[in-house]
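Next up: a single chain in structure tokens, the form predicted alone.
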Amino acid sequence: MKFSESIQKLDRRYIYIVVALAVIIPLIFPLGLKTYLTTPVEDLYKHIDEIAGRDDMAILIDFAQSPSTMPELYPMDIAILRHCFQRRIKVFTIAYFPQGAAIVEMALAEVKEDFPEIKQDVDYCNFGYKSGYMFLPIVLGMGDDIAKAVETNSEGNMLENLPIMEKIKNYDNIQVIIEITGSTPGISYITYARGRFGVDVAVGVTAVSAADVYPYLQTGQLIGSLGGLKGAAEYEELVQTFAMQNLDYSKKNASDVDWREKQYSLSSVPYKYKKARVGMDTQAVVHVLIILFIVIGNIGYFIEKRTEKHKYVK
């Protein structure tokens, strides 16, 4: 059988096996591919970092997501929460989808393992699940009084009685609203929160929606965005870089360059701090492999068609 014919008749099960290996191997043995920062991600990181250590400012994260989008969005949740806990930035979380409320709890529990000093309702507050029908009253109400608009946290406690609310009143005390979503990104917050009260808005979206946010970035209606697993990997790296830069080197020789470089090596970082970057390794390998399959398949197709044409001419 000719090469072109063998390509066209290749048992697709072999292709599935090769793709499966391309997914599994980089997950087990990360390649450590470099992640290059983009402006929307860096802008969001810097904007949040401006309020580090302040007890009169906070950020609000809307978990508008479901399990189907977790591979891309959950690493964003983790990276942003870790940044805030690391830098003593107050966080409010809310979900207008029942699935999102469960993801909030999961993300907070995971990040808190590394920050035992961070206290619920003091350093962060989970507003919990709120019905989607209440979205507009809550978003507009928070412009006047967050405690009155939201009323209770996820455990049913009145917000006005919580320590975290002592110096936080309304959107004047919210540095940015971040909607991490698998659907339409940020439009409602741009329309009602930013349009009415001027609060800054940012989004985290799946890769397929990343291009949709650029018009809003260019006009300044969004101050930053995370696009897919790539955006999560970038933010993850920014958080990790800050942590490495602030390690205690007192027990190490300052001239021990090898030791210092080892700390920055991706292979020395525990998996929970590099989920998105490991995922990017797999994504990159699979994308290259699929492109290769497409190229080879097309080559075989056109060779076969050309052969058939010559037979017909003869």
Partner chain sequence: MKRTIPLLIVMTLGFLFVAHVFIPSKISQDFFDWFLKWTKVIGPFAVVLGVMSLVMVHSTKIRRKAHNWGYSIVALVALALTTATGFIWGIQEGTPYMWIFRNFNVPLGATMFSLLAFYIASAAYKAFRARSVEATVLLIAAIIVMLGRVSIGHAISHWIPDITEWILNVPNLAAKRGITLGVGLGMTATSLKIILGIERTYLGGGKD
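Given the structure is predicted, the values throughout are model-derived calculations rather than measurements. Positions refer to the first chain, counted from 1.
There is another form of the same protein, the form predicted together with its partner chain; it is not shown, and what comes next is about it.
Taken together, the three residues S154, Y214 and H287 all come within 4.5 Å of its partner chain in the predicted bound form, as judged by their closest heavy atom. Among residues of the shown chain, R87 is not one whose heavy atoms approach its partner chain to within 4.5 Å in the predicted bound form. Using a 4.5 angstroms limit between non-hydrogen atoms, Q8 touches its partner chain in the predicted bound form. Residue contact with its partner chain in the predicted bound form: P71 places a heavy atom within 4.5 Å of it.
Contact check for V269: every heavy atom lies farther than 4.5 Å from its partner chain in the predicted bound form.
The candidate stretches are 205 to 213, 159 to 167, 88 to 96, 235 to 243, and the one lying within 4.5 Å of its partner chain in the predicted bound form by heavy atoms is 205 to 213. Residues P98, Q99, A102, I103, E105, M106, A109 are the members of 88 to 111 with a non-hydrogen atom no more than 4.5 angstroms from its partner chain in the predicted bound form.
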